[in-house]
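Presented below, as structure tokens, is a lone chain in the form predicted alone.
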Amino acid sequence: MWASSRRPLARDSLLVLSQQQIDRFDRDGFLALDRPFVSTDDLEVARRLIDGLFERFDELPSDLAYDLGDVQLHDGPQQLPEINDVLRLEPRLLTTAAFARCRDLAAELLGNKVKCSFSHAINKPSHTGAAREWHQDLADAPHLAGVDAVHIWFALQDVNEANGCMRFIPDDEHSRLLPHRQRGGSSLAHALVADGVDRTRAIACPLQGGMATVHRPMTLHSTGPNTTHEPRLAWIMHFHREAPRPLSVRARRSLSRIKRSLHA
């Protein structure tokens, strides 16, 4: 069980979840935060850095910056431009309050030591009919099956169904990894789409800027098209529990000597 492996946070960590929210996440596999957890100024800092990356989208390596739409690599306007590995491309993001608070959120759900294993950003252009269709993140990374992880979708502006907020289908005891295919059945597409999704159970999660959703890698989710006049930006961070470092040979010998002296 997820709850049994949690450890109390350090005293200087700022808690953001109630027990009721933690229980809801354990039950449904996702949670929408009900309040912003960074200031307006801190939100603007993160937004400005992400905006800067998309301003140089065409200059970035094609294995990191591409289209999640019908064709992954192409010239001209992008349907769903995505930039991967944003923490390496823009290290100043690591110093933002937004990153610190998302790390705190992951730590509350996974334990005191967490690591950001992947981070990307998606810019959904205005008046685009392109949706990010239903999928499970585990389909892109099956080697992470069984790893305790949470994925945080941080809203860099107000989001709703009109501009493509997150939508989830709650987990249940029958949750499993569904078959996935490339978008549109095309080998030119990068994005995967799940088959056999019961959309009648979908729950939309509108957010204010500075709020976030968090979900498990197995949880089905999607975002709809952006029908508004403004682009919609989101920053996504994947966290997993950090394994304790193995003791060095010297440390193990010192610990052994201490134990022997205690029993002498």
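Given the structure is predicted, the values throughout are model-derived calculations rather than measurements. For every residue, the number given is its place in the sequence shown, counted from 1.
Only in words, not in the display: the form predicted together with a small molecule, which the text now covers.
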Among 132, 221 and 232, does every residue place a heavy atom within 4.5 Å of the small molecule in the model of the complex? yes
Heavy atom within 4.5 Å of the small molecule in the model of the complex - the one residue of 122, 86, 156, 114 that qualifies: 122
The small molecule in the model of the complex has a heavy atom of only one listed residue within 4.5 Å, and of 32, 49, 43, 236 that residue is 236
For the chain seen here without its partner, which of 180-188, 124-132, 69-77, 94-102 has a heavy atom within 4.5 Å of the small molecule in the model of the complex? 124-132
Can you tell me if residue 150 lies within 4.5 angstroms of the small molecule in the model of the complex, counting non-hydrogen atoms only? no
Would you classify residue 90 as touching the small molecule in the model of the complex, given a 4.5 Å non-hydrogen atom cut-off? no
Given that the partner is absent here, does residue 166 sit within 4.5 Å of the small molecule in the model of the complex, heavy atoms only? yes
In the model of the complex, is there a heavy atom of the small molecule that lies within 4.5 Å of any heavy atom of residue 171, even though the partner is absent here? no
